[in-house]
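Let's start with one chain on its own, the form predicted alone, as structure tokens.
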């Protein structure tokens, strides 16, 4: 059936990107007039946007108001429309509760110190290894529903809290079983998230490359590999070996880099031709420039330093000035338990002083460029997938200006895999 959306105050289509994969970077991120159009109606058929026109033209074409059963009419009632949000960095599946760690953080303990005492990731891994697939699926479905209600239509889901082969495969299989529930999923193998307690690092590295990777490839679910590349976790050399082996097997590369110190991770991402290198709070300017010129996106995850009480990544404004490629994501995980892209946008706008339209590009078209998506994901174009959010506000800028509340009135999602 045809669907016609009329009555929107304005539509943030983000269709005028000029970068690779239609990205919007640099000063173009600040040009609101290029990305937002008033008085725009939308005709959708078979999951794709067929046509844009003025509201009066669309109403006349379809005889609106109409009682016809041949068209589904949606009246936006003066609200704005934006693309569906793309959350391109999440740790979707894990079990357990680490709320008790907040008191440890407030006492001055670092992330690593908490882990060394048997808490942190070790606690989550233990709970996840002991969780049946049915429990993990229920947990995941609840989380997908939360993300969907907050406007996310595309989401990257990492494994990584299994560590052992069986649990990592179970996490990927469980995540795959949740597809088709209102959010399109993209799957990443993060076997190299941490070293299991008591393991020999060299032996574990061989296990990841010689045993886990072939099993993941045979399973056929993951499309990307990720490594926690950070001093004290996985070294530059080990990360490179894992990623090169994964690339030979057909996986794209996504990395955690330079979250705590400048460990050279972003430079390695540039050399590897990664799709994205995320966190990157302490990367050097040379590495940021090198990554940009290598076509590597930098994914900023402001929710994580926020919950840790650390400074937010102030480099984001510099990325706009320099024209460097960047995006935003939630980094949903046991410490940063938010699946709200609008909250991440609020941090960028209210705390980092990024204009709402620039932040919107960072959670839509720019995030989508790091994933293998169909035409139209992250932007609204004729012939593209119809993934969009109708807001509660008349301004498209309102998508990120309601911290603690949900700015999304209604979502329309069509599978983009």
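Numbering follows the first chain given and starts at 1. As the structure is a computational prediction, the values presented were derived from the model and not from experiment.
There is another form of this protein, the form predicted in complex with a small molecule, and it is not shown here; the text below is about that form.
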Quiz prompt | the small molecule contact at residue 193 in the model of the complex, heavy atom, 4.5 Å | solution = yes
Quiz item: Hey, in the model of the complex, does residue 161 get a heavy atom within 4.5 angstroms of the small molecule?
Solution: yes
Quiz item: So in the model of the complex, does residue 302 come within 4.5 Å of the small molecule, heavy atom to heavy atom?
Solution: no
Quiz item: Within a 4.5 Å heavy atom cut-off, is residue 334 in contact with the small molecule in the model of the complex?
Solution: yes
Quiz item: Which of 112, 98, 290, 137 has a heavy atom within 4.5 Å of the small molecule in the model of the complex?
Solution: 98
Quiz item: Among 208, 80, 121, 216, which has at least one heavy atom within 4.5 Å of the small molecule in the model of the complex?
Solution: 121
Quiz prompt | Stretch in contact in the model of the complex with the small molecule, which is absent here, among 139 to 147, 162 to 170, 196 to 204, 90 to 98 (heavy atoms within 4.5 Å) | solution = 90 to 98
